[in-house]
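In structure tokens, one chain follows: the form predicted on its own.
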Amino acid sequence: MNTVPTITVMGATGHTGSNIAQRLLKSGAKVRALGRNQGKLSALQSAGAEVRTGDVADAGFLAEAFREADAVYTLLATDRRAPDYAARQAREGEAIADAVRKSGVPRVVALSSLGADLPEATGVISGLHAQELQLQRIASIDLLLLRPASFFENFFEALDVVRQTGVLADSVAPDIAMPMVAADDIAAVAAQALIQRNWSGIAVRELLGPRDLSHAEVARILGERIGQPDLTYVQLSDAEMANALVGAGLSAGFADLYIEMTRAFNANRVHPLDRGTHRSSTPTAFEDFAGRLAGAHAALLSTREFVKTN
């Protein structure tokens, strides 16, 4: 007779963690949902999850949350406002690895990134490379490394700039086609793995969208959806992009790493290792996801208009 598994989910209020926790609860699993904010975890608690709040760089907190779990989902949810982003990323990674060792949890699904096979010169992805190595050194676990491409959800953060300036802007070259994926698709793969727990040793799975997209194409599709068919993509210089990130409240340390990452994209250094296999592709097309962006853009416009008239 199968027993009900207990699964711990880090980042349970984020793009992937929240979705994973919900899927696991629907499957009948016992879920420990971890996060920084008790209020944001309340919906999962109401749905039946055991919720715990604490510092993700606290190995003791994590070890207790991992203990007696059948599997854990881990990620580096580093605050992009951290002055020394790389140091904070490393500290969180060390805490996770230490907690895995101390807790004795047998299986780990770890969110990483496309490009994490590269040891350096990839900005924020370099920290994920280091985290992969730490987890791979733990001989007692079966480890599944998920390496998704850039999230569709990242474009939510660009919508206010689109509203204000009428352009989509970043430091990525306009015509470089790159893999992009929906967070829901990542969550579906992770949840299935956590439920089935049927891999052994170290496994790597890259998660890509149905096709590669350039930022110029993203602007065209998004423009059509929001009623701005002339929406264009503008490539910012490294300095302009760094200033924009800092102006949005992110740290200079994060901005520097972001620029290094986009340089790696522009040099085509970050790319899939197993393109063409059935394990790479995910189902959600950006054309379908763009409806969510359009809805958020409409809500943003409505809110701004309300503020102006009141």
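From 1 onward, residues are counted along the sequence shown. The model shown is predicted, which means the values in this text are computed figures rather than measured ones.
Keep in mind that the form predicted together with a small molecule is missing from the display, and what follows is about it.
S.K.: Check, residue by residue, if A12, A77 and L128 all come within 4.5 Å of the small molecule in the predicted complex, counting heavy atoms only.
M.R.: Checked in the predicted complex: all three residues contact the small molecule.
S.K.: Please pick out the stretch from 218 to 226, 167 to 175, 132 to 140, 105 to 113 that is in contact with the small molecule in the predicted complex, where contact means heavy atoms within 4.5 Å.
M.R.: Going by heavy atoms within 4.5 Å, the stretch is 105 to 113.
S.K.: Go through V270, A65, A49, V56 and name the one with a heavy atom inside 4.5 Å of the small molecule in the predicted complex.
M.R.: Result of the distance check: V56.
S.K.: So in the predicted complex, does N154 come within 4.5 Å of the small molecule, heavy atom to heavy atom?
M.R.: Taking the distances in the predicted complex, the answer for N154 is yes, it comes within 4.5 Å of the small molecule.
S.K.: Whether V72 contacts the small molecule in the predicted complex should be assessed with a 4.5 Å heavy atom distance threshold; does it?
M.R.: No, V72 sits far enough from the small molecule in the predicted complex that none of its heavy atoms falls within 4.5 Å.
S.K.: Does R88 reach the small molecule in the predicted complex, with heavy atoms at most 4.5 Å apart?
M.R.: Within the cut-off, so yes.
S.K.: Would S150 show up as a contact with the small molecule in the predicted complex if we use heavy atoms at 4.5 Å?
M.R.: The answer is yes: S150 has a heavy atom within 4.5 Å of the small molecule.
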